[in-house]
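Just one chain follows, in the form predicted on its own, and it is written as structure tokens.
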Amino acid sequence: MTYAVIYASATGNTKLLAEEIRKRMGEVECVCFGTVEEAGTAIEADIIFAGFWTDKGNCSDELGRFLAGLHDRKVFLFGTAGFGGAQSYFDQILERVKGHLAADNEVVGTYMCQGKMPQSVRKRYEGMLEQNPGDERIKGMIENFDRAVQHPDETDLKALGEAVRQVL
């Protein structure tokens, strides 16, 4: 089975997942591995693994355009989100991302996990907390940031591997 791994990664989290997919699938059947810009649109593969970072609850614009250009493909969506770790939140994001695909595509699998965020995000949260001391929502955002620093971790990569294995 031939495959392609196409991804958009702002902080390196999604690229890490993409590399894990290639490692688990093997090099021999990989017809394309790279960013949306590197891949182009003329990809002939039995399955396309499309990876994204979460931007305002959806995939980035460049990956959305890539997905919109796919037709009659089997697609496995994978992504990272800095905020939250709840599967229900990830499922909402995945549904939005699926919305970029034409109806003639088949989503054969999905995977999402938390990913670390740039330190500038924590500084912004700290500034918000200085302006609103005691704000529990902002405190929760800082706690989430601190949890996200470790992700994607080995547990995340193993779960991704299992999701890929189920597709095969």
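Bear in mind that the values here come from a model prediction, so they are computed numbers and not experimental data. In case it trips you up, residue 1 is the first one in the sequence shown, and so on.
Although not depicted, the form predicted in complex with a small molecule is the subject of the following passage.
- The small molecule in the predicted bound form comes within 4.5 Å of no heavy atom belonging to Tyr111.
- Within 4.5 Å of some heavy atom of the small molecule in the predicted bound form lies at least one heavy atom of Trp53.
- Taking the partner from the other structure, the small molecule in the predicted bound form has a heavy atom within 4.5 Å of a heavy atom of Met117.
- Shown alone here, Phe83 lies within 4.5 Å of the small molecule in the predicted bound form, counting heavy atoms only.
- Interface residue among Gly26, Gly140, Gly57, Gly34, judged by heavy atoms within 4.5 Å of the small molecule in the predicted bound form: Gly57.
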